[in-house]
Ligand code: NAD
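The chain below stands alone and is given in structure tokens; this is the form predicted alone.
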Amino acid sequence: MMDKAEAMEQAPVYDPATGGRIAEVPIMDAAAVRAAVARARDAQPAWAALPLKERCRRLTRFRDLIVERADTLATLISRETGKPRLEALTHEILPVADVVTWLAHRGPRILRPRRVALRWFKHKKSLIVYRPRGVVGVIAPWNTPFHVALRDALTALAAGNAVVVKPSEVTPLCLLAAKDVWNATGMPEDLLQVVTGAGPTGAALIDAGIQKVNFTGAVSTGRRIAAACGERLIPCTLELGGKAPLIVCDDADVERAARAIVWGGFANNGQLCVGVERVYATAANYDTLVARVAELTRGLRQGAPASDEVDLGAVTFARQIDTAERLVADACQKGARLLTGGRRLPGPGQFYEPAVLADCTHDMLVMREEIFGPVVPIMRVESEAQAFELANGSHLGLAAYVFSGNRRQALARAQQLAAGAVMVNDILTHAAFAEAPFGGIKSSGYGRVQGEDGLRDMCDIVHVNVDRFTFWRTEPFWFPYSDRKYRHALRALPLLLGRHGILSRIGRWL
């Protein structure tokens, strides 16, 4: 009898470095997705009944196997995405292992019932209780497919949920490998499931009766997911695109800034939502910075990631090369200088030489549209104030970076930037801080993953209130109403909450 997965239509997965077909995966239809969610829903209550500390302890089995199989997994991630194995290891596997470790150490404290001190009703006790939502759907991207999917999935599992992950159709294999690792831990297999396919599979997941969606991807897709979740009243967290500015102040360490720009702009071939998408440098260091960035970029080694001696592998998604070519052409037509790269390499595979553009202006699309590819545009600004103003002018607000020798002043200025996260004199790494919330503002999405906020967002927040003791069988404002009750309440209002009222005077101590 033909296996059900074999009976489904199959989609090919390609190696971006060679163009060769790696494997085929089933395109799961709505019925298959609903069945997966139903199995997850059946498995979830027993998992949620375990103490959180025990759930986290069991999740460390998964972490331990991920670490043990790191070399094999890094090789697969590298082959499927085109990124070097070192990036697969440090950008994808390491943060996943760290998330589990942090959840095991801090999760029980974060989700334990929290007492709320009531100011008026001292005869009552209030607790905030964090209850699992049920089944969480994770729709993952292709640029960091292993890290993002498992970061969200493991956080949801720690909170007591079951999870169904829909990986990108471009990079499903590393998530299927992660599922094999999960199954090898001996934990209930239906708690973590992977459904493969393209957009219709993701739409089917949202429509399958799940209780929350975490989506990471393009702004346009995020809008459609938000609309679908809104129609079904499903809470969702959206981590969307970025147009991260990097500001080089007058007193910045130019060498450090240049190296940060090159790594932040070309790591993973620029296919990072927190990558450097535009640089603003003051006249004091513009020429030196531009020359050094171009020099460092020319020294990058590009090639097939089968070798560990390359810095840039293949572009994961071929469409990003089309975007890079269009934006570079527009910039050059409008007066930008192309200092390095900027061309698609001949031969098999998806390779594009990293491009550095100087003398950019804001009438160029490259300074306004998301690139998500190996292109770094640099603009000279008249002052630091202008740089901060331009940085805040984007409709996107995921990450921003400031390089300055005056850390105190830079910290103060950083807090004025319209972004979900700002780093001073560093780049990218905040996205892997398990302890810190991560997410965007404006069109970069809403909600947070990671940190205490991300863990609590995987829960329904329940306020439980109980009497410490009861004075009477009825309450003053219960039925029946009367004129006498109204007049008493009217006289009590200014005495309690008026300008000179008791609670207005002593409220800060209550």
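Residue numbers run from 1 along the displayed sequence. The shown structure was predicted, so the numbers you read here are calculated from the model rather than taken from an experiment.
The discussion below concerns the form predicted in complex with this ligand, not included here.
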Looking at the partner-bound form in the predicted complex, is E87 within 4.5 Å of this ligand by any heavy atom? no
Taking heavy atoms and a 4.5 Å cut-off, does P95 contact this ligand in the predicted complex? no
Does this ligand get within 4.5 angstroms of any non-hydrogen atom of L338 in the predicted complex? no
Quick one: does T221 come within 4.5 Å of this ligand in the predicted complex, counting heavy atoms only? yes
Only hit among G199, P437, P235, G405 for heavy atom within 4.5 Å of this ligand in the predicted complex is G199
Contacting member of A104, M379, I225, A418, with respect to this ligand in the predicted complex [4.5 Å, heavy atom]: I225
The stretch from 343-351, 211-219, 178-186, 113-121 that lies within 4.5 Å of this ligand in the predicted complex, judged by heavy atoms, is 211-219
Contact check, 154-179 vs this ligand in the predicted complex, heavy atom within 4.5 Å, ordered by sequence, gives K166, P167, S168, E169
